[in-house]
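For reference, the chain that follows is the form predicted alone, supplied as structure tokens.
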Amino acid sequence: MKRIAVSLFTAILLFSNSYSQFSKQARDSIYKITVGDYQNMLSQLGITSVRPGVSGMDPKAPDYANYDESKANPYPNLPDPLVLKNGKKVTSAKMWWKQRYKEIMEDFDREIYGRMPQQIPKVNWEVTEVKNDTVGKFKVITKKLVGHVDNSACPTIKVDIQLSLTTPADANGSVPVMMEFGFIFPPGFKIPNSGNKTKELSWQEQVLAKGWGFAILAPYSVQADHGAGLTQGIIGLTNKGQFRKPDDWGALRAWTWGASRALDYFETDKAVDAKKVGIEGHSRFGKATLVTMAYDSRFAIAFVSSSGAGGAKLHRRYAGEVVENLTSSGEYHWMAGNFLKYGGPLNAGDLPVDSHELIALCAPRPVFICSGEVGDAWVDARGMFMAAVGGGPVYKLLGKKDLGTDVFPKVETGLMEGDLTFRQHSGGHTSGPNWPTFIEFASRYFK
């Protein structure tokens, strides 16, 4: 098991933006602490071995990921989002909200993403800079903010959430805002365009062209993206630097908490129409985006890009990234400790819920699930589409439109007529080509 932990940790984290920035000495320290934390959780669960994940890097490797559709559905039977645990069918919106919604949420809390502590320190938002600026041809006002988390209960752990908010300088009143899980650039840094040879506008410019604003939340300022950080950040602060328990929250849930605290601030800022705040993220931040949308009903719309395993992709799919990758030492910190069971004594078929029910928790609000094609097979676009299909009945029960089909669409063919939507662009692992489609979709809701 130790050999597995080393290989997966190295393969995954060497390509992590949050990991590669450190010196070799720091990486060695992160690795050592992570392995210790990982082994502690396995010990708490009584797990002595875990199955290895798959590799997405080398097609010639014996552990290369599966992309053969005939082998991709070993557990084809999904839990029914509209059947209660006692076997009764959910036949009304009232039954959904009063009973089934709570059942599903409990399973996600306990087994997949973890529970937030009942008592979490308050966040005091400070505006550190207000600047008149330009983004492309658009005149804007940008605010830099820091969310100081009260650490009086554990002064050795400090959490300062980094957030920026940009709104049109000529706005008459409050505007819709799209918030991205992303990176806040240093002073003087100019946002580049998409890099596309057709000179398409950056996503920020596209948003501003609609008269909306945009915000950037730095998730790593909330919680580090490695297991060594679990005794730091907001998770470490609430645990006072101690190890997690098996049902404690992981990094995805912590990033979600950070997004909710940003929305708390937006509700106090007259420049923002807080009823029209959307959330967007790509790859691991796509995972966080879907979790955020499911857990905080105040977010109006979600753009879930290439989220893959732990996001919109069905856990029961054996294609691209799989459950065993999520339960490795390179990714386990995203999830609740209890999730490790499904890479050890249990398997994906034993999960009480799956990602189609995470999508269902977002209903009736609009959600756009998407990915690329070339170079993006790891996130399993078909598995995410199947999850969207599986969540559709809840949207219909609540009076909204689902995808309208269970036939996987051709690349560049968006299923955009409903409130639950899907598109796969022909490019690689990037959200860029899907932004124009999303903005057109969001325009239906952001009048």
Ligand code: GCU
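Sequential numbering from 1, following the sequence displayed. None of these values were measured; they are calculated from a predicted model.
One more form of this protein should be noted, the form predicted in complex with alpha-D-glucopyranuronic acid, which is absent from this view; the next part is about it.
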**Report entry** Heavy atom within 4.5 Å of alpha-D-glucopyranuronic acid in the model of the complex - residue from Asp273, Glu111, Glu321, Glu180
**Finding:** Glu321
Report summary line: If we test each of Gln162, Asn338, Thr142, Ser283 for a heavy atom within 4.5 Å of alpha-D-glucopyranuronic acid in the model of the complex, the one that passes is Ser283
**Report entry** Heavy atom of Trp378 within 4.5 Å of alpha-D-glucopyranuronic acid in the model of the complex
**Finding:** yes
Query - Partner proximity in the model of the complex: Glu357 to alpha-D-glucopyranuronic acid, non-hydrogen atom cutoff 4.5 Å - result: no
Requested in this report: Answer for Phe214 alone: is it within 4.5 Å of alpha-D-glucopyranuronic acid in the model of the complex, judged on heavy atom distances?
Outcome: no
Query raised in the report: So, in the model of the complex, is Trp334 in contact with alpha-D-glucopyranuronic acid at a 4.5 angstroms heavy atom limit?
Result: yes
Query - Per-stretch contact check against alpha-D-glucopyranuronic acid in the model of the complex, the hit in 79-87, 265-273, 283-291, 101-109 (non-hydrogen atom, 4.5 angstroms) - result: 283-291
**Report entry** Stretch 413-440 - residues with a heavy atom within 4.5 Å of alpha-D-glucopyranuronic acid in the model of the complex
**Finding:** His429
